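Next comes just one chain, in structure tokens: the form predicted alone.
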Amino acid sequence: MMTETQKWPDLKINGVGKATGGRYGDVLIDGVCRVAGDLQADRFKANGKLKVYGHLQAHEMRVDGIVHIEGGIGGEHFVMNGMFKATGDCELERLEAVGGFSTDGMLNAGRVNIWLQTQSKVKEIGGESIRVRRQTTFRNSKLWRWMMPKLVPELQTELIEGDDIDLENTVADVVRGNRVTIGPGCTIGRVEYRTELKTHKTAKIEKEEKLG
């Protein structure tokens, strides 16, 4: 049995490969990989295409490419550039996402920064600071146009709830927060705010309510 002072083994895959889930120190994947089972690591970095048949848990995570998680995801800091899909809840301290993502569950994070390059879907988003922007420049423009030529950079969700909320290109049933900014490209069913509400002239809001 490994003690807390001992180092967990690393998992490194370069090219095309398969791996089993488990507890690792560093996970470095460059290429195409499938992981069977829950995966837990101190640091996780993937460049390419990855599918995990289980939950993903890591302190630091970075993804450049396409990742599909058959389960939830948890960790401190998650940086994503590409496409990410999870079937479960996402519990993070900080999320920085460039590209597109979807989850069948909820996204909970202290700080959320999303730069949309394609259509994204999540059931609910909760956090202290939530910022959604449309990314106007593409790091790999030819690749993105080939993969997603007709998808609109738009976030679709049922509920966004937080303290400071600043949105663009978002379609939501309910947005609830303390200080709320509804920017261009937004269509919101109901906005509930406590301190301040700012709206762009092109934003569409069916109902506004100031909370006591």
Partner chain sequence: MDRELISKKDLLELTGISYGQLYRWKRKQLIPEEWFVRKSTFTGQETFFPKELILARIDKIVNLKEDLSLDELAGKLSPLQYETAVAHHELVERNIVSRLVVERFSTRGQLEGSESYTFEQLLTLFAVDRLLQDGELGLEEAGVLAETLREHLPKFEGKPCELLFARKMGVSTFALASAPSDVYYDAGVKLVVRLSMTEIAEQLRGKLG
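Positions refer to the first chain, counted from 1. Since this is a predicted model, take the numbers as computed values, not measurements.
FYI, the form predicted in complex with the partner chain isn't displayed, but the following is about it.
Undergrad: Select, from the options 41 to 49, 160 to 168, 23 to 31, 59 to 67, the stretch whose residues sit within 4.5 angstroms of the partner chain in the predicted complex by heavy atom distance.
TA: Selected stretch: 160 to 168.
Undergrad: So, in the predicted complex, is Gly126 in contact with the partner chain at a 4.5 angstroms heavy atom limit?
TA: Heavy-atom contact with the partner chain at 4.5 Å: present for Gly126.
Undergrad: Gly185: heavy atom within 4.5 Å of the partner chain in the predicted complex?
TA: Result no; Gly185 lies far from the partner chain in the predicted complex.
Undergrad: Does any part of Asn108 reach within 4.5 Å of the partner chain in the predicted complex? Heavy atoms only, please.
TA: Yes, Asn108 sits close enough to the partner chain in the predicted complex that at least one of its heavy atoms falls within 4.5 Å.
Undergrad: So in the predicted complex, does Leu92 come within 4.5 Å of the partner chain, heavy atom to heavy atom?
TA: Leu92: yes, in contact with the partner chain in the predicted complex.
Undergrad: With the partner chain left out of view, which of Arg190, Lys198, Lys18, Lys204 would have a heavy atom within 4.5 Å of it in the predicted complex?
TA: It is Arg190.
Undergrad: Let me know which residues along 194 to 211 have a heavy atom within 4.5 Å of the partner chain in the predicted complex, or say none if there are none.
TA: Arg194, Leu211, in sequence order.
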